[in-house]
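Just one chain is shown here, as structure tokens, and it is the form predicted on its own.
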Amino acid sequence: MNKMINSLALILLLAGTNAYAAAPIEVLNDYAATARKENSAFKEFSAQRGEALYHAERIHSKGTKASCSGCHTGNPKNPGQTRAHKQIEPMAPSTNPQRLTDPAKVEKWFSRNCQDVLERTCTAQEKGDFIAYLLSIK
């Protein structure tokens, strides 16, 4: 009986390791729900707007240039590099299947990087457009 309980506990523990994994489309759907709350006129996300957001260079208040592609490279299928020279795994889920599967991590990195690049919080629309762009890359 103890072996059976231990086996069941092990199965539940192993199953729980992926309990927080979501498909990128689920993360996108969560942002769609938030975008509808933020803007009643919201219809859908745009990969084109997401691509423009990804590549756009902005001048910071400090006078320096910033863009998503500055660290993540012009091609989201390639690994990038932080300003501290640490490698960043590719952004595109087609190349990096683990990308965009943890909603908490996605939100953490949007919070950090939107402040770094835009010097403000991104809207749910911008986050969804960005993800739609990454999902469009094959």
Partner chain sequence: MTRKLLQLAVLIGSVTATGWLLADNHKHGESKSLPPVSNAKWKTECSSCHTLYHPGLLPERSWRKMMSGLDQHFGENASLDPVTQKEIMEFLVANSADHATNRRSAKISQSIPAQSTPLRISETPWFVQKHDKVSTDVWKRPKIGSPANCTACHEGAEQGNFSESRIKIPR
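Residue numbers count along the first chain shown, from 1. For clarity, every value in this text was computed on a predicted model and none was experimentally measured.
Not on display, but discussed next: the form predicted together with the partner chain.
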property	result
Selected contact from K43, K65, H85, K37, since only one has a non-hydrogen atom within 4.5 angstroms of the partner chain in the predicted complex	H85
Segment that reaches the partner chain in the predicted complex - one of 77-85, 43-51, 90-98, 23-31, heavy atoms within 4.5 Å	77-85
Contact label in the predicted complex: T123 to the partner chain, heavy atom within 4.5 Å	no
4.5 Å heavy atom contact, D116 to the partner chain in the predicted complex	yes
